[in-house]
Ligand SMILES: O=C(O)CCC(=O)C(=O)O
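As a starting point, one isolated chain is supplied in structure tokens, in the form predicted alone.
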């Protein structure tokens, strides 16, 4: 599957990150790719391969139902043409960010995320306190026809004190600095699908 990001779109994301620490781009991914990713996510849900998400990392990961209620499954290269197309898009973005902002991003990790009706994730930061490898968070939404009354907004708490709610509509990408933007997922009245991931810097023990 061939996927490309326009230079103007890359420039907008990079300029936003440099000036504001976050960027919102509707229509980031081609509609055909977004539909295929959504269908793949639904198939994985039906097959029971998405597992309740935990908090923490390594051996300290634990499922805390009062903190978050999404189900996830990590992406790996070679799983499907749609996943490979998405990972290529995000790698193109990684290279562009490095060329312009010199952030030293070495890879991108991502998982499908499924929030059933009523699902939520309380306010948090994406960077672990004892591990600074996650540098830039990126979320692509897979929900056709999403309306504000459906809920499920991503709520960003920005450095200037503003609060911004992002509609999780199919094809929308939101990117933000992992250590600087607290955020939460508000409950929705319908299934909510996304691809959530992080661009990472090199850290101790990372090859």
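Numbering follows the first chain given and starts at 1. All values derive from a computational prediction rather than experimental measurement.
The same protein also exists as the form predicted together with the named molecule; that form is not shown, yet it is the one meant from here on.
With the partner left out of view, is residue 86 within 4.5 angstroms of the named molecule in the predicted complex by any non-hydrogen atom?
-> Contact check for residue 86: no, nothing within 4.5 Å of the named molecule in the predicted complex.
Is there any non-hydrogen atom of residue 108 lying within 4.5 Å of the named molecule in the predicted complex?
-> Contact check for residue 108: no, nothing within 4.5 Å of the named molecule in the predicted complex.
Does the named molecule come within 4.5 Å of any heavy atom of residue 20 in the predicted complex?
-> Contact check for residue 20: no, nothing within 4.5 Å of the named molecule in the predicted complex.
Answer with yes or no whether residue 154 is in contact with the named molecule in the predicted complex, where contact means some heavy atom within 4.5 Å.
-> Yes, residue 154 lies within 4.5 Å of the named molecule in the predicted complex.
Spot the stretch among 178 to 186, 25 to 33, 157 to 165, 44 to 52 with residues whose non-hydrogen atoms come within 4.5 Å of the named molecule in the predicted complex.
-> In short, 178 to 186.
Which residues from 24 to 48 come close to the named molecule in the predicted complex, meaning a heavy atom within 4.5 Å?
-> Going through 24 to 48 in order - heavy atoms within 4.5 Å of the named molecule in the predicted complex - there are no hits.
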